[in-house]
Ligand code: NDP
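Presented as structure tokens, the chain that follows is alone, the form predicted on its own.
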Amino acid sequence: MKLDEFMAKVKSKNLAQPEFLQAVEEVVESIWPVVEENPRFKEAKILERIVEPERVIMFRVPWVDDQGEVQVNRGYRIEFNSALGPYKGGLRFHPTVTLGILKFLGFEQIFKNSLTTLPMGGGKGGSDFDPKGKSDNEVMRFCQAFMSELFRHIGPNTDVPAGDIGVGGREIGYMFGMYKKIKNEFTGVLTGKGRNWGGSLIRPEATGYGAVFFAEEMLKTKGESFQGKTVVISGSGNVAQYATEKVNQLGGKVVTLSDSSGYIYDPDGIKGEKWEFVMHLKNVRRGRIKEYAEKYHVKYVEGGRPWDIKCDVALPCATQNELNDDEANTLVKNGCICVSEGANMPSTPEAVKIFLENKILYGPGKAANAGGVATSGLEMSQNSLRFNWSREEVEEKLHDIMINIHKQCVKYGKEGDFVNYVKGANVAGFIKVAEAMLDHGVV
């Protein structure tokens, strides 16, 4: 079978799921030569099996709002691949959540988790529920209703969900409380828990820190560092916040943040009191980034994205397909030398092609943002041990994992004096999963 024939077959089975098909095509293009050269992978139909989830769970979530009206949302859990360990991946609460979106995220998670070298399979889940504008009591009632169905499909040795867009410490707490009540047991079934009831230090910071650590390793291959670099970041949630903090610590200057309404440009840098304002604005008041521009009298672009701002490093930390080919060309023309993805698949295929053609240091999300799930894995280990590591220990382990992921990408992606991190991440992640699937037989 040829690559085009394989993709045609996948497309025929997954109609109206463009994000999932995009993710599959991006991976399969990289690993196709590896599969062709290994008759064991072909005979065992590893590719055909790896693109099919082991289990797809979909359910209704009825709940009552503050006005006493019954609301109905749809819940999902995609248990994609357990070859390396329990299913592991976040829960996303957002109006855009669909089966196709979660299949794309779950598929990416297989290879991301493999790259961490921790014993975790790939999964993803969530709901089309929108926590924005909801009271704490409404969010609690929804989370409890959601968990009253999900509980029967998860467990510390089966499937360990984490947070994602729309699911932070508040939501994890409500879901964990309901799970604990229903199951009558206190186990490490969710990650991203509160520090005083089983959570890990550094977990909130991990994805943002990890994306910066990965960018730091890429820059080192060119004899560069963050010192004195201008950095543009999209998003203003958890990942963007802590990526900003780590860039500041490493001597760089972050000049943009954004949300779904637009972006701010602060040429003096978002640090110190300004960074603390963003943290309070987004995590406590749940306000809009426009308020930063009003308070500090800086530029705000309504409905815009920050990729036209001149920079040395770009960190897309918002959502999928937020950076297109025109914006990629603008980044290249403006002298950007490094792109490290804090979000999942934020660059379109056309944008990725432009980065690779121009030999930009480009870290795809499955490698660059693996810090979040890596620290979730460390939280699982601490829960199993009934023990907590210090902040310094967890950050050191996270840093070591990101360095190791970079080494794997270089090993499989080096092409002369250029490292194709897309190829490196896909091949490194795939080989480990494929070998495990062979060992387990046809299951």
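Numbering starts at 1 and runs along the sequence shown. Treat the numbers as computed from the prediction; the structure is a model and nothing was measured.
One more form of this protein should be noted, the form predicted together with this ligand, which is absent from this view; the next part is about it.
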Exercise. Taking the shortest heavy atom distance, is K132 within 4.5 Å of this ligand in the predicted complex?
Worked result: yes
Problem set entry | Contact of K274 with this ligand in the predicted complex (heavy atom, 4.5 Å) | no
Exercise. Is G75 close to this ligand in the predicted complex, meaning a heavy atom pair under 4.5 Å apart or at it?
Worked result: no
For this session: Look up in the predicted complex whether G235 has a non-hydrogen atom within 4.5 angstroms of this ligand, and give yes or no.
Result: yes
Exercise. Check T244, S340 and A367: does every one of them have a heavy atom within 4.5 Å of this ligand in the predicted complex?
Worked result: no
For this session: Report the stretch among 148-156, 349-357, 331-339, 259-267 that approaches this ligand in the predicted complex to within 4.5 Å, counting heavy atoms only.
Result: 259-267
For this session: Could you tell me which one of M120, V255, I172, A318 places a heavy atom within 4.5 Å of this ligand in the predicted complex?
Result: A318
Exercise. Which listed residue (K183, R288, K310, K299) meets the criterion of a heavy atom within 4.5 Å of this ligand in the predicted complex?
Worked result: R288
Exercise. For the stretch 82-97, which residues lie within 4.5 Å of this ligand in the predicted complex by non-hydrogen atom distance?
Worked result: R92, H94
